[in-house]
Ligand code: GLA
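Here's a solo chain for you in structure tokens, the form predicted alone.
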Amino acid sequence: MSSSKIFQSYFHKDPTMTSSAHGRLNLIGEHTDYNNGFVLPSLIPQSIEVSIGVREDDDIVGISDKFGALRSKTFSSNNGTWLDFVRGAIYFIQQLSPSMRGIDIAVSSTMPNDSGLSSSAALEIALLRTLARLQGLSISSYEMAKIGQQIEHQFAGTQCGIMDQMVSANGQLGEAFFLDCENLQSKSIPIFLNHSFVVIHCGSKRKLSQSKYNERKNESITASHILNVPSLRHASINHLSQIQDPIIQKRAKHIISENDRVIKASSYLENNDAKSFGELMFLSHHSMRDDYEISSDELNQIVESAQKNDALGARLTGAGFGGCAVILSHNDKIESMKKSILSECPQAYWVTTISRKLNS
């Protein structure tokens, strides 16, 4: 059901404004964004939609098709619910438009939660798009992404990079979004002509703010301090011998090598070289499994099954510790490959497929 229909049913009136934003899948480039590195995400068809009505008080009255009804004040403390994101969006809009007060809000989603497909970033961008229109504000998509990141930092407790919000705010369906997270330069690259990316959930969910995400970020910061560089974006494999701690050295190795893989992968995508792109995906997964240690048995099983069933490439996607794997396959082999993987990994389930748009 659409957010506007949920709004009408719950509040018995029409919403004032409705907006939406898509989730994203990272094709390659994991945990490089908060190291000012390179990433290559793409939008997924699934999205989050938000409908809003104005209030004359400071209350937030919310209804979500996945998380039910909640009520709060705009100035209340964070409590770990989805209203934290709403309070965060209102807070930043109030900095630009002090007349912003409370809202009635309905949220609908076609995205699986805790899957690494960035439902939180989609919610943030949908919220900011709706509130900006509601207040008559002109906010660029790049600025909106930066605000969405601050909502994560200050209201959700996740010290994420800028990737998720940037692609949700700026990406196009059927294309990859190459992003330099240091200077925010980007370019769009069409997905392979005869190959698609299949997204399969491993069956094990994770909660990002309670995972080891922030721990990995701190380890990579430690590595950059040891190497005396602003971030691992500016380090090379030759620098690793300067790091004595074996754990910190492994963390740095993943980030440095992953940045290199993203640059190569974007070139392979531009040249329609799916085979070479897929080989980088397997290398990326092995690096996340062994050096960054963010995989899981379920994710490893999917990647191994994909490789056995003629996938060109496969890797975990997202923060790790559960969630989804992304698999590159020739279009003619998708259904048979998907059937085999789901048979060998009975806890897993298909989520979506990313393909080039037919009219592109």
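Computed from a predicted model, the values in this text were never measured in an experiment. So that there is no doubt, residue numbering starts at 1 and follows the sequence shown.
The same protein has a further form, the form predicted together with alpha-D-galactopyranose (GLA), not shown here; the description that follows concerns it.
Next item on the list: Would you mind picking the one in Leu131, Ile191, Ile162, Leu123 that has a heavy atom within 4.5 Å of alpha-D-galactopyranose (GLA) in the predicted bound form?
Entry: Filtering the options by heavy-atom distance leaves Ile162.
Note to self: Taking alpha-D-galactopyranose (GLA) as it sits in the predicted bound form, is Phe321 in contact with it (heavy atom to heavy atom, 4.5 Å or less)?
What the structure shows: So Phe321 does not count as contacting alpha-D-galactopyranose (GLA).
Notebook entry, point to check: How about Gly29: is it within 4.5 Å of alpha-D-galactopyranose (GLA) in the predicted bound form, going by heavy atoms?
Noted result: Contact with alpha-D-galactopyranose (GLA), yes.
Margin query: At 4.5 Å between heavy atoms, is Phe85 in contact with alpha-D-galactopyranose (GLA) in the predicted bound form?
Written below: No, Phe85 sits far enough from alpha-D-galactopyranose (GLA) in the predicted bound form that none of its heavy atoms falls within 4.5 Å.
Notebook entry, point to check: With the partner left out of view, is Glu49 within 4.5 angstroms of alpha-D-galactopyranose (GLA) in the predicted bound form by any non-hydrogen atom?
Noted result: It does not: once alpha-D-galactopyranose (GLA) is placed as it appears in the predicted bound form, Glu49 has no heavy atom within 4.5 Å of it.
Margin query: Taking alpha-D-galactopyranose (GLA) in the predicted bound form, would Arg24, Tyr34 and Tyr213 all count as contacting it (heavy atom within 4.5 Å)?
Written below: Yes.
Check: Hey, of 153-161, 240-248, 74-82, 92-100, which bit sits against alpha-D-galactopyranose (GLA) in the predicted bound form at 4.5 Å between non-hydrogen atoms?
Finding: Among the listed stretches, the partner-contacting one is 153-161.
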